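What follows is one chain in structure tokens, specifically the form predicted on its own.
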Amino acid sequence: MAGMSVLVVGGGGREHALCLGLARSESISDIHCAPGNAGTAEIATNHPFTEVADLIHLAFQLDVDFVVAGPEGPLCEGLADQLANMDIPCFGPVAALARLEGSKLHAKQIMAENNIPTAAFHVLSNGSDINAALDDFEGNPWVVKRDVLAGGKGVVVTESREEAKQFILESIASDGQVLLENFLPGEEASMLVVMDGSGFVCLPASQDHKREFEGDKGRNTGGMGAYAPAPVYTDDVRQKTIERIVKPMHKALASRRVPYRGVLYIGLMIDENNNPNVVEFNVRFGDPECQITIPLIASDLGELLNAAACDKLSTHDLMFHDKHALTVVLAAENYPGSVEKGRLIENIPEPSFESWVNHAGTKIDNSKIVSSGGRVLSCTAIGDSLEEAASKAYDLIAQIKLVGSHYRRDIGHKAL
């Protein structure tokens, strides 16, 4: 398989992490990224396309050996389906299976059909008795989920009945229906499972930090940092997760006419008895979980992703580094609110074997690297211990200058 060419779809920190991993792969000779960012431009050829039709044309024009889908949007819009029509393998599921992320209700129905442990829920729409539904789950925070792709901002967890009811009404008005879930107590972890029609492999479990400030305070974000492996994901939890969640999901998804080919992100809530419940499914690598999971893969990433895209995963031998990884996100001023873009980023450190900068919301403007999003970049490191990885990552981020930027200083605190 030496000398494969690949197109990575997306332009965030996840896609930069994927490109970095593919750049280290002996099986890969040529990397393209659409649309990419300032970081991917250093190791891949960027192309300014985001629409599915343009991406299909680009993949055909470049004659790539396979495509790796980063974000969920293009998958829900049929990217993998259209690539299959052109005999181009895709790491990422077809649209029917991407509904696991595109529709929270669909995901709940699949879990019910396969006895997957998850929270009880109500589906609310016009005419529903909202007050009665809120009464059912009273005594804990209310969890309200929009039944659409919402860019990581479609969930409200609140102890305010009025706030929950208002979000329910707004979601029904905009989407037609909304999910109200029972609150699951416990500790969260993220599980990434690469699967195809032939088998599955589990990557190291991680934990991310969603709130904007130390101590998990402030507004919810797309993620302010993450670390792996997560100590809460013990051998007992791992065994239960595989038996109760991963195996039945793989059996269901591999039995389809077109099997699931890609990575299934499983958001877990682990209770006090080490029992895992599914909070959500995503049909792609998490961000920033991808940034700290890919570096822990010791075997060839290109071969792994290509094998899953071609239903050959059962023949792939996957190996991991016995290391810890941690990443800290540098966010633009006022993130997760509206941010000013185009600010100069200075003093980005040169990468080393064990620490580097993942670009996310960056672009090149007049030969300078400037901000182009809310989560601008993240500083990532690996080490023999989590403490070592954290020290290296924070040493990196302290050097970078971006007016108004902020970052959390307690990433990994639950383990440290």
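When you see a residue number, it is the position in the sequence shown, counting from 1. The structure presented is a predicted model; accordingly, all values stated were derived computationally and were not measured.
Omitted from view is the form predicted in complex with a small molecule, to which the following refers.
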Looking at Leu184, Leu134, Leu149, Ala96, which has any heavy atom no more than 4.5 Å from the small molecule in the predicted complex? Leu184
None of Ile130, Ile242, Val157, Val201 but one has a heavy atom within 4.5 Å of the small molecule in the predicted complex; the exception is Val157
In the predicted complex, does each residue in the set Val143, Lys210 and Met269 place a non-hydrogen atom within 4.5 angstroms of the small molecule? yes
Although the small molecule is absent from this view, report whether Asp81 comes within 4.5 Å of it in the predicted complex, heavy atoms only. no
Is there a non-hydrogen atom of Glu303 within 4.5 angstroms of a non-hydrogen atom of the small molecule in the predicted complex? no
Residue-level contact is defined here as any heavy atom of the residue lying within 4.5 Å of the small molecule in the predicted complex; does Glu188 satisfy this criterion? yes
Would Glu280 count as touching the small molecule in the predicted complex under a 4.5 Å heavy atom rule? yes
Quick one: find which of 167-175, 272-280, 85-93, 245-253 has residues within 4.5 Å of the small molecule in the predicted complex by heavy atom distance. 272-280
